[in-house]
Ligand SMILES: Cc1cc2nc3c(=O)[nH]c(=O)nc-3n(C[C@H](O)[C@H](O)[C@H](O)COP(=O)(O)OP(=O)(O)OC[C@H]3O[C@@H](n4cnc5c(N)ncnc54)[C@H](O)[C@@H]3O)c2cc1C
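One chain follows as structure tokens, the form predicted on its own.
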């Protein structure tokens, strides 16, 4: 079977790996310059900073097997996040280490934004056409729905009810390089009822050779300021955490919007198939959510297609 996957984040990569192992011809398309989606690590001169997902935990046996594989390959390491009892995991040189590991043996086409779905092919912004027998979309649901509407894809009432049931929170992320490391104990700090919900010291975390921090704004603050001036928003957020990050220590600042940062309301099953087309939807908006949920969502849709066509 020729299987095309839109999105080379954890769900798309997980599905592609299993389907490739089972003999299918799989191609992943991603509009970005690299794989991983929200498992993103950014360089700012000599500094590095995770600016999407910061860490993840393990609950399921299937994900535990994958974690054991990553540990053996030195792709991840353990991190005792302050204010959390259970061990978390991070990429050894940044969170994007993990999707890069998954993508290495796969066929991934980057800088390819899907703009139209045809009955047996997908057209991209660059003008390329990619054929498929089965299509999997792991894009955030509002983006997938927009693509369906632009393509004239027939959506049943049941499809629309599923899409309407899924809701996302945005997040504004601030990355800053510093002259000196912070004094945040353990390298991470969770805050409540404040503009900033999370601070990570990437130097203490072990992924940056020079001091840098990541701030994640709270969902409420992000919602209220999402369309604001990013430079001013960044200043406001950094000023709100001056007790931990001295203003005179701040050097370079970058601000990034994650419009679909977290699926607050998810579809309970691991994936969904459109009623009238060979199109499946998967990702962190399905099942348990977060990094593990995205991996399992891809794995489950991969299993379903393997059972159907092998």
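Residue numbers count along the first chain shown, from 1. Quantities reported herein were computed from a predicted structural model and do not represent experimental measurements.
The following text describes the form predicted in complex with this ligand, which does not appear among the structures shown.
Out of the listed residues 281, 26, 29, 245, 29 is the one that sits within 4.5 Å of this ligand in the predicted bound form by at least one heavy atom. Although the partner is absent from the chain shown here, 7, 10 and 143 each have a heavy atom within 4.5 Å of this ligand in the predicted bound form. The closest non-hydrogen atom of residue 290 lies within 4.5 Å of this ligand in the predicted bound form. Using a 4.5 angstroms limit between non-hydrogen atoms, residue 55 touches this ligand in the predicted bound form.
At a distance threshold of 4.5 angstroms between non-hydrogen atoms, residue 294 is in contact with this ligand in the predicted bound form.
Remark: residue 261 counts among the residues lining this ligand in the predicted bound form, judged by a heavy atom distance of 4.5 Å or less.
With the partner left out here, this ligand still marks one of 69-77, 236-244, 181-189, 105-113 in the predicted bound form; by a 4.5 Å heavy atom cut-off that stretch is 105-113. Within 4.5 angstroms of this ligand in the predicted bound form, the stretch 36-55 places a non-hydrogen atom from each of 36, 37, 38, 39, 51, 52, 53, 54, 55, taken in sequence order.
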